[in-house]
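A single chain comes next, written as structure tokens; it is the form predicted on its own.
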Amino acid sequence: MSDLFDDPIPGQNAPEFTVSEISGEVKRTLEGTFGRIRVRGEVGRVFKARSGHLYYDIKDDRSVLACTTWKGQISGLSVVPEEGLEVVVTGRLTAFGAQSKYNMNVDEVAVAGQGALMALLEKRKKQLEAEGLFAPERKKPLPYLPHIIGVVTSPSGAVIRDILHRLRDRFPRKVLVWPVAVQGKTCAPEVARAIEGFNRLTPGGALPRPDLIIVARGGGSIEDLWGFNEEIVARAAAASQIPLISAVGHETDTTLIDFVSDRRAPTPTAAAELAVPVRLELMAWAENQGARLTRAAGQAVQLRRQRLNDLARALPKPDTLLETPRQRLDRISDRLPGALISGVQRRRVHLSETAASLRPATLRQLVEGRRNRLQNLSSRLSLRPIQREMAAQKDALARLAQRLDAAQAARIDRQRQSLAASGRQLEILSYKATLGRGYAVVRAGGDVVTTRAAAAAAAGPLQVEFADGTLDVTREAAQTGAATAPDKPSGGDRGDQGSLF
């Protein structure tokens, strides 16, 4: 096939090359022209493949040079390239024809100085720290369970899907997404405007203001994340009245917004975990607290019931309190008839003695004087207050009598109910109820109950008790099929009852 390209097409003087030929010529030209060279620049993106080879970029303010250090060359490096480090690399320039790219195979790395981007980042960091934007006391606490979460990120990346998926798994919440560019020249102003825009929303409006803001982006090189190191973004995050979580890059990536935010998450997924709790854990905690509350209430009631029972046992019984007054009343009642008789006798003797010492005339004068005195006193006194007092006392006495009658009737009713309950219980426990269901009691020799056939055969006359009476049976009568007449039936007429056997 190479012969076809050896001769030019008629009418053209330029020779034709295959793709492999031109790639090989470019490779030979690069390697022959430059040979072994040294290049100074800042380390950009660093990536170590699973094969063990190390891929990274060397850049300045205008261009980027791709570099490769093979797995066997890494152990010979004095300095392992790190992102942002200014270095001088030594190696050979070559081309990779399969992708029409050229790169540098580096076998020696030396530190040349601090990278320009890292120096600028450190300068901004010190400036903002001096202004107090990194102070812990100015950071706001995150809401425990926000109703609305605002997310500042690219709507087409995997970050927003990770955040929404994690929120749905833990505790579904309403999410407002403010789309922004997450790298490039427009990244910083768009992120700053998004943070300010969320803060300007009216709480409870048509587009409600979020309770929490998440600024998120996936991992990348320092150049890709540089928009989040701009001063405008850091100051917008510091001025936010809404609590803010920064989730830019991976765990090893650090930007200025991480220092001024209220909380830094190592990944966007971790930001979603910081934003909301786990719903199932909250439900389990609530159930546990409810169970503890129920147990505590039950224990409190039980303790108070036990305390009440202890106090009740310490109190005397009502009958005990009334025993002494009852005894005193009985003694006074026994003494009362004799005291009345003795009093009447003493007064009768005193009356007789007084009557014997008085003459009729003197008695008449005395009665007349007392009558006059009584008339004088009656003219001075009014009987109405005494009558009113007597009427009031009579009403009080009537009320007390009614209460006494009611109490006595209630007591008699309680005793009657208790007696009826005891009678019902006695009937329930009595064996006669069992006799009514077809059973019988066999007695031998008086009141001895016989429960075995052998004992009944050895005994003399038997007495069988039924529900409605008793029947005397002898062994001879049992053998001939006859029985004696019933003895004192306990109820009903049994004259027509047949033979037991």
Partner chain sequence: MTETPVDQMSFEQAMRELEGVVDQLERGDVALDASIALYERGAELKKRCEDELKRAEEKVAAITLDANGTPKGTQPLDAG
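Positions refer to the first chain, counted from 1. Quantities reported herein were computed from a predicted structural model and do not represent experimental measurements.
What comes next is about the form predicted in complex with the partner chain, which is not displayed.
Within 4.5 Å of the partner chain in the model of the complex, a heavy atom is found for every one of 147, 176 and 293. Per the 4.5 Å heavy atom criterion, the partner chain in the model of the complex is contacted by stretch 157-165, the sole one of 414-422, 251-259, 347-355, 157-165. Of the candidates 314, 135, 207, 322, 207 is the one whose heavy atoms come within 4.5 Å of the partner chain in the model of the complex; the others do not. Only one of 140, 124, 193, 92 lies close to the partner chain in the model of the complex, with a heavy atom inside 4.5 Å, and it is 193. In the model of the complex, at least one heavy atom of residue 198 sits within 4.5 Å of the partner chain. With a 4.5 Å cutoff on heavy atoms, residue 171 counts as touching the partner chain in the model of the complex.
In the model of the complex, the partner chain lies farther than 4.5 Å from every heavy atom of residue 235. Looking at residue 405, you'd find every heavy atom of it more than 4.5 angstroms from the partner chain in the model of the complex. Within 4.5 angstroms of the partner chain in the model of the complex, the stretch 417-441 places no non-hydrogen atom at all.
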